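A lone chain, given as structure tokens: the form predicted alone.
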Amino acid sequence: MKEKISIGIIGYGTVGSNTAVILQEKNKIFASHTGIEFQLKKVCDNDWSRKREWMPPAAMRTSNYNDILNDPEIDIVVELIGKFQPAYNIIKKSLMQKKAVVTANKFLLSKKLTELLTLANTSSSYLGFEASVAGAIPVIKVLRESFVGNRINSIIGILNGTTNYILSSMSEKHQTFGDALKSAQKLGYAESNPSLDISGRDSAQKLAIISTYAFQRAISEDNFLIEGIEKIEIRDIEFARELGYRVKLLAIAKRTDDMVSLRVHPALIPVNHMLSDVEGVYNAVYLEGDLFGKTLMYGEGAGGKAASSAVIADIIEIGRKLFLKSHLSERFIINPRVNLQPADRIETRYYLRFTAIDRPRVLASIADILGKNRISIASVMQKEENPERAVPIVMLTHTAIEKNVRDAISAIDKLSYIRQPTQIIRVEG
């Protein structure tokens, strides 16, 4: 048995420095709980001139990650540099050398998770990646351990704190999208270039990781429909409220028989749904399984401390397994029967906001085109009347097929009395 686990951190930014501080400050607590000494041996970063909360002693610092990979005493490599390369090579080389790896690299894992899980098992090592999804919320651990006997039927997540803060500000403070984004940037919730967040791609990468694990099928963000929140307007949020809904950016994966549909987009969600009250920068993951029924996990999804909490959890869990000095197989078995549903075959309900000249027969013409595309109207709301200018007409549909809705809206937007592209927001729940 090994009583000491040595750790090397590659990438000493916000998460890396927080992780190092926790390992130093709580070393005795971890030892008393586990009987293992977790020793931080080396830290790698390209730039040691930047100020940190805690600066490792000179003997611990390096700018060459190979100093960590080639150190035979280091048991766990913590990769926190992000991006695809050199992170991919670092993780592969570490696993091939039977070093365990802990990473928060959602971009890399959304493309290579199945390969790296397989490599970890064949190399008799371990890959921890809890920090790659939803910060401190232990989604992966719950799927791997607590719900291991379940068939997961539905995943609905608010997986991006930036977009959730923006939509919350638009709803509560009646801010425009632009003003809410500026507020998020000022508070440090959004990057100076927020495109990854507001486009929905950050949420898509996280959903790909969760879904790969939940459905035992290699899934990447290229496999599903992705829309961001850039086109959401205050009036859509206000109309949604009148109809009994909130607007959230949702990451959705649903399994029906052996078909899985995946999508990330803004959605109307009923005010009585468990996810509707998730506000600000918080994240939440709603799961449905055949045994546990329904559950919601909620917590901080961003920030150095939340992410480092997940990193530390993986380090401790893997350290315990290494302490036993007997590899516990965690084979990732791909289920060949699970297929991915094409995006244009998604079936859901829709919120449609038309901007049309207020004249007779307008509604009838719109309804006619919808009907020809097999789209049934559930309700109609028109708050304004003005024959001289365009006014909003809001419709909720019954369940329809994505392709049919797209075809119908394409035809409707060509009508002479439609003044702006129709707003399409899907309805969930």
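Heads up: residue numbers just count along the shown sequence, starting at 1. Remember, predicted model here, so these are calculated numbers, not experimental data.
Another form, the form predicted together with a small molecule, is not on view; read the next lines as being about it.
In summary, among the residues Glu79, Asp75, Asp202, Glu130, the only one with a non-hydrogen atom within 4.5 Å of the small molecule in the model of the complex is Asp202. Checking Ile312, Ile232, Ala190, Val338 against the small molecule in the model of the complex, a heavy atom within 4.5 Å turns up for just one residue: Ala190. You can rule out all but one of 80-88, 112-120, 157-165, 260-268: in the model of the complex, only 157-165 has residues with a heavy atom within 4.5 Å of the small molecule. Mapping the unseen interface onto this chain, Lys99 falls outside it, with no heavy atom inside 4.5 Å of the small molecule in the model of the complex. Contact check for Gly301: a heavy atom falls within 4.5 Å of the small molecule in the model of the complex. Contact between Lys206 and the small molecule in the model of the complex is found at the 4.5 Å heavy atom cutoff. The shortest heavy atom separation between Lys248 and the small molecule in the model of the complex exceeds 4.5 Å.
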